[in-house]
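In structure tokens, the next block holds one chain alone, the form predicted on its own.
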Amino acid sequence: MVKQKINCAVFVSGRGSNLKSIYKYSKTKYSKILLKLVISNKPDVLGVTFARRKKINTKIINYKNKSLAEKNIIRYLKKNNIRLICLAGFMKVLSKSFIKKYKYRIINIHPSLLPKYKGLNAHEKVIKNNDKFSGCTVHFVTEKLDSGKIIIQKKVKRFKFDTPQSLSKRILFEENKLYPIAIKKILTKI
């Protein structure tokens, strides 16, 4: 008996490389997700172009009024019966009430080995502090920024010659592999 797939939404603000990774995973034989909706706060980004090219229902949300924006997002999530939300480079902080409404159903990927270097500029901080390793973390989203329970992490060695850009590129490569693994890992809990 084939178990019904879980409807998934991906929120993006940029190039959408993790969106592509999640989409690719969703098309595999063993995937338990159906990528049903892409939400973006920016209309002209590569992630939106990719989603539309793949004929994924895509909504652009105007964030001038955060409360109204989130009401619209919730409406789209309900309409598409979304049970898992994947933040993939979504550069907006969700409200506490939104997060409470979808507790343990929102995950995020962050380009550091959390709890180190929450928020922005993680690669610069790794280099400035001369850390030997950086990496990426998939975690549950909670009301406290980048502080939710860690699902999975991947270490990436920092080289002496690294710039924030070169480190970012290597970490992004690992992010793209890690996100589908994290989704598989949590699906039994949703």
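Heads up: residue numbers just count along the shown sequence, starting at 1. Note that the structure is a prediction, hence the values are computed from the model and not measured.
In what follows, reference is made to the form predicted in complex with a small molecule, a form of this protein that is not presented.
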Quick check: do Lys32, Asn80 and Arg83 each get a heavy atom within 4.5 Å of the small molecule in the predicted complex? no
With heavy atoms only and a cut-off of 4.5 Å, decide whether Ile73 touches the small molecule in the predicted complex. no
If we define contact as a non-hydrogen atom of the residue within 4.5 angstroms of the partner, is Ala88 a contact of the small molecule in the predicted complex? yes
Residue contact check: Leu172 to the small molecule in the predicted complex, 4.5 Å heavy atom: yes
Give a yes or no for Ile109: in the predicted complex, does one of its heavy atoms lie within 4.5 Å of a heavy atom belonging to the small molecule? yes
